[in-house]
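Structure 1 and structure 2 below are the same protein chain in two forms, each given by itself as structure tokens.
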Structure 1
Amino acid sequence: MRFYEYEAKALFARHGTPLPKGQVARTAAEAQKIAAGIGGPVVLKSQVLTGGRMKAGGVKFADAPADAEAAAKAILALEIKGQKPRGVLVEQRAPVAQEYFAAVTWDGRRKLPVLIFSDMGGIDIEEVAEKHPAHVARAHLSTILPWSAYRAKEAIVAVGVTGDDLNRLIPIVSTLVEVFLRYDLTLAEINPLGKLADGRFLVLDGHVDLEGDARDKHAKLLEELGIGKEETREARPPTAFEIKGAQVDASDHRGVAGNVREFDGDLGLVIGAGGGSLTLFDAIRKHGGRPANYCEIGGNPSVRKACDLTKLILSKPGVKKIAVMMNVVSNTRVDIVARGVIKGCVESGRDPAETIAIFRIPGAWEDDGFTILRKYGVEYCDRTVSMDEAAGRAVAKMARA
């Protein structure tokens, strides 16, 4: 899940990372008051969960509180990539002599965390790596040995930084690594990390992504940062549909019936088995289908949980049918999912036979599940029918709907 910039900086501040003086404003009047408190020039930044804020007009500068109020009013009214800002971050503006880049993320090939550092910040690191590879340094982190600040020093020195700048950068970069490891992050990024005219360093912009499965582990932190339990964030805020999906999953500890993502389609999906659910989602699209959602179900959820997930998906405007599918092998009880999905259809005022395009869940208690499906006239198949073929059957039914 992705943090807003002000939340990322609040996390950095807990660990002593140097930040410019600033605060989040929810209204233009608040922005004016914050700017007056800061005194002097300020920068105002739209708080959205996507990039491209500068190009879209979501970053403005102001020399006086009245100018800050006008700038904030314009920013708060601006949508960026379909996202309305949660607020405006008003920060002290200081003269920057040079910008750096520092980030920790996961290297999928090495299967290790990696520290990336560059003395060319403020622009996309991908562009720097392509055009100026000598200005990008990498240092992989051990998942066994404790982190040492010496590794940060090696990465910083590798791009030619020495002297006082090196000594001031080491603790900032090392702290970034420690934050990444401590909070189970998938990304901790500072871009730009600015060197001011007086030699001080400040985090001018920051990005943090938290591993979704670590939410419960860091529930206290999220609560203190004001991040709600129902907020399933990625590159955008959660929709009302997605928030309801999280509530369905949280309603019962048994199994999974959540991780809902909303799409603009007409075929609802009740799919599961981790990577299998991604495969099934792609198979639907490959056959020309238009998924209305992505979700995950498995691990023996209760009948009520499967029912509520089904009802949620069927409540989405434009959904004509649903496809219920799982991976090649599953330990999920077929009869429980069958009962839940059929109950969800009936309680939604839908005929299960007309609503369920296909039911393919290989798992425990198959015979009992198939008996239930036959009773309601629902088309089903076992594991002898591939996931791809099952997806194709569901899409073919949609063409006749």
Structure 2
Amino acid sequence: MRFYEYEAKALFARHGTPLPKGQVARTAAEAQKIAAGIGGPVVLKSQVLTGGRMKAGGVKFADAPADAEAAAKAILALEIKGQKPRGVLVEQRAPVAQEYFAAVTWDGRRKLPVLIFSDMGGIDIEEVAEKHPAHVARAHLSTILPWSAYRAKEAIVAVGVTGDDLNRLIPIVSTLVEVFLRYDLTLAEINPLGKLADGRFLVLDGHVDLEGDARDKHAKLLEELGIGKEETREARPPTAFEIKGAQVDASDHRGVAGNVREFDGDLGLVIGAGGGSLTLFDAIRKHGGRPANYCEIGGNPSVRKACDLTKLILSKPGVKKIAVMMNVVSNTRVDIVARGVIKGCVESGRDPAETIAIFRIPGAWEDDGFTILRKYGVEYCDRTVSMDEAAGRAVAKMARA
């Protein structure tokens, strides 16, 4: 769950991280007042949950409050990648001597958080890592053992920073790590971290992503930051179809059968299993299929839940058939899913044999599952047929439909 820049900075400010003087404005008049309060040149930044603000014209500079008002008016009227700005952040414009980068995120391969530090900030860190690897330092950290600032020191020293700069950077970078761990973040980034002409450091831009499952744990923080419970912070608002999918999933505590995402194809997907859903979605597309949806099913949902998910997918206009596919399952029963999807077809007034293009879920209780599928004339396959091949069969069947 992504934070707006002003929210990320409010979080950093709670922990003493140095920030430019500033405030978020909802109107151009407010921006003018804030600029007058700051006194001197300001930078105005559109508050959207997407990158590319500068290129899109969402960042402007102003030397006087009247200029700030005009700039804010333009920014507030500007949509960036389909997003209307939440407000405009008006901040003191600081004379920057050098820009640094500091971030903590998850290293999926090491399964550990990693601190990344660079003395080349302000630009894309992947590009720096590729072209100037000596300017990027990494330090993995534990989520169990206590964090120690000396690890931050090691990372900063590794790119050649010494002396006063080192002493000033250590607490900023170390605090960033502490914030990441304390609030269950998936990303805490300062880029750029600016060094001013007088030697001080300021957080010029910040990015924070909170783990979605940690929302309840940090409900108080979110409330204090003004983040409403209804705010999904997703790339686009959920569709009616997606909201209904979430309702199906929430209807029963057993397993998962929901998390649907709507697409405009004609093949409904009932897919899942530890990343299998992504693989299967891609496989369908690779074979030329047009998925009507993405979804996740697994962890032994009830028959009713699997049935209601199937009915939801079949209710989507244009869906001709569904493909029911998973990786080899151990914590989801094949027979339960088979019962659910067949029941969903029947309750939708459709013939399961005609509607289910392929059922490829091998694993726990597959003998019972396959017996059910045979009884209803549904084409199924076991683990000797790869997920890719099963996806190919489903797409071929669609072509013949």
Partner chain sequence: MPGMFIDVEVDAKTAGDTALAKKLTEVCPVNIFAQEKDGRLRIVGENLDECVLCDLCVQAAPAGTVRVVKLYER
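Just so it is clear, the structure is predicted and the values come from calculations on it, not from any experiment. All residue numbers here refer to structure 1's sequence, counted from 1. C-alpha atoms forming the largest set that superposes within 1.5 Å between two forms make up the rigid core.
The form predicted on its own is represented by structure 1; structure 2 is the other form.
Taking the rigid core as fixed, one finds a CA shift for Pro20 smaller than 2 Å between structures 1 and 2. In the core-superposed comparison between structures 1 and 2, the C-alpha atom of Val395 has shifted by at least 2 angstroms. Fitting the two forms on the rigid core leaves the C-alpha of Trp147 displaced by under 2 angstroms between structures 1 and 2. Comparing between structures 1 and 2 on a rigid core frame, one finds that Pro352 has its C-alpha moved by 13.4 Å.
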